[in-house]
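Only one chain is given next, in structure tokens, and it is the form predicted on its own.
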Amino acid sequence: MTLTENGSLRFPEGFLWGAATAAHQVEGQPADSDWWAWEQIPGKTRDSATAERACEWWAGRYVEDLDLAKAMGHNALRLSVDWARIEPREGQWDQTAIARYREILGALRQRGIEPMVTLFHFVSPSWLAQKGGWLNESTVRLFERFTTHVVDALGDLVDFWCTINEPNVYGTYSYLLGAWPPERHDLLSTFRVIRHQLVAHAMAYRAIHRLQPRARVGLAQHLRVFDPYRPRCAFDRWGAWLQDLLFNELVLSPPVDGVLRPPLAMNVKVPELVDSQDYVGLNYYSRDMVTFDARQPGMLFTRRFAKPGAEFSMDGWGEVYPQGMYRLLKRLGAYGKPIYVTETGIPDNDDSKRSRFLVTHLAAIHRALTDGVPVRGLYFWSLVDNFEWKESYTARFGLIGLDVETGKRTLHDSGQLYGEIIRGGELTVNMLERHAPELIGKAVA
């Protein structure tokens, strides 16, 4: 992709333009899951809010949001199904839940919006959590069985699947940092959970292709950029390399060569893992500076922090660093697979920064395309303000604003801008002048 004669940045025909959601965050009327049980304990979420209503998709208000997505010009949506709804008790399947998901998927198809369905997005049925959840190796086969059931029931409406969302984030927040259920603080358990999810991805990948040989199947990898705070300091460079190895590379390489390396396992090769992705999904939000810190043995003598003086989103949410999008896409290009940006976005409660974020990160994607990286689409996080896990409704990511009390939807200025970009298939010079004038006439550096 190159600049047009007037300097706009044009995207290729067939590019997927969409947004991303997750079942527990938008549906409301939650099923019996580990998250639903946990968030009802006072103090677990910000302001002790819960997903009881969320965006009320289960009550039918998905129609409003899909109509707004269509009006913006979206031709794609990433959404998930809730394991706890579909299999509320082990081995028992809820056909009513399947029917509702068929309604939602049918509504997408009617609007010309291609669904990408995620099979696991952080939430487990309570019965599974009581068996040990992802710490229990038997969950691998249970997830394969769940996948088979879902694909058999929904496959005529879906051929674009994402098996598991962010194994490294799930393992870190739930089993290392203890911020999410089940609130563990155990490094070995963290790696065990990530290992089980990677193997489960492989088994699900094979199961889907047995049922749908032409399906497109991948997983969504959350990657961060880790840079040494003092580039000339060998200890800081080592720390950045170590963080990248443990957070990024540990989950990136197994779906390619099938090898589970230390600390996941002792170079165990899992045949089902070899070449187990038809595309690479990238979830990208920010970067961390890394420095050596002898006072942090629990963090392997490293400390991560946002670059002082950088552009930020909300307080405490990290640096806005669009160059990281380009750097990671270039890195993923080496795998020779189509790439979808399955998430990127910004917490921005007054919608004052989202338009600039959208323009600068799309410019970074365009730069990668110009370099020959096979980026096929963008799913912006998120379609509508939703229940943002532990932060509940205090961090707003939506292109569509949500009044939590009334349920009223309002298309943000950033959503209107995204619609303009989609309909034109380009970032115009005027868009760049309004939101990122430093990019006029040059690529993202």
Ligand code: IFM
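Numbers for residues come from their place in the sequence shown, where the first is 1. As the structure is a prediction and not an experimental result, all values here were calculated from the model.
Just so it is clear, the following notes concern the form predicted together with this ligand, a form of the same protein that is not shown.
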query: Non-hydrogen atom within 4.5 angstroms of this ligand in the predicted bound form for each of Trp317, Glu343 and Phe397; finding: yes
query: Contact test in the predicted bound form: Asp65 vs this ligand, heavy atoms, 4.5 Å; finding: no
query: In the predicted bound form, Tyr393 touching this ligand (heavy atom, 4.5 Å); finding: no
query: 4.5 Å heavy atom contact, Asp34 to this ligand in the predicted bound form; finding: no
query: 4.5 angstroms heavy atom contact with this ligand in the predicted bound form for Glu39; finding: no
query: Residue among Ser124, Ser276, Thr147, Asn165 with a heavy atom within 4.5 Å of this ligand in the predicted bound form; finding: Asn165
query: Answer option from Tyr170, Phe226, Phe191, Tyr285, heavy atom within 4.5 Å of this ligand in the predicted bound form; finding: Tyr285
query: Candidate stretches 65-73, 404-412, 385-393, 39-47 - the one whose heavy atoms come within 4.5 Å of this ligand in the predicted bound form; finding: 385-393
query: Stretch 86-102 - residues with a heavy atom within 4.5 Å of this ligand in the predicted bound form; finding: none
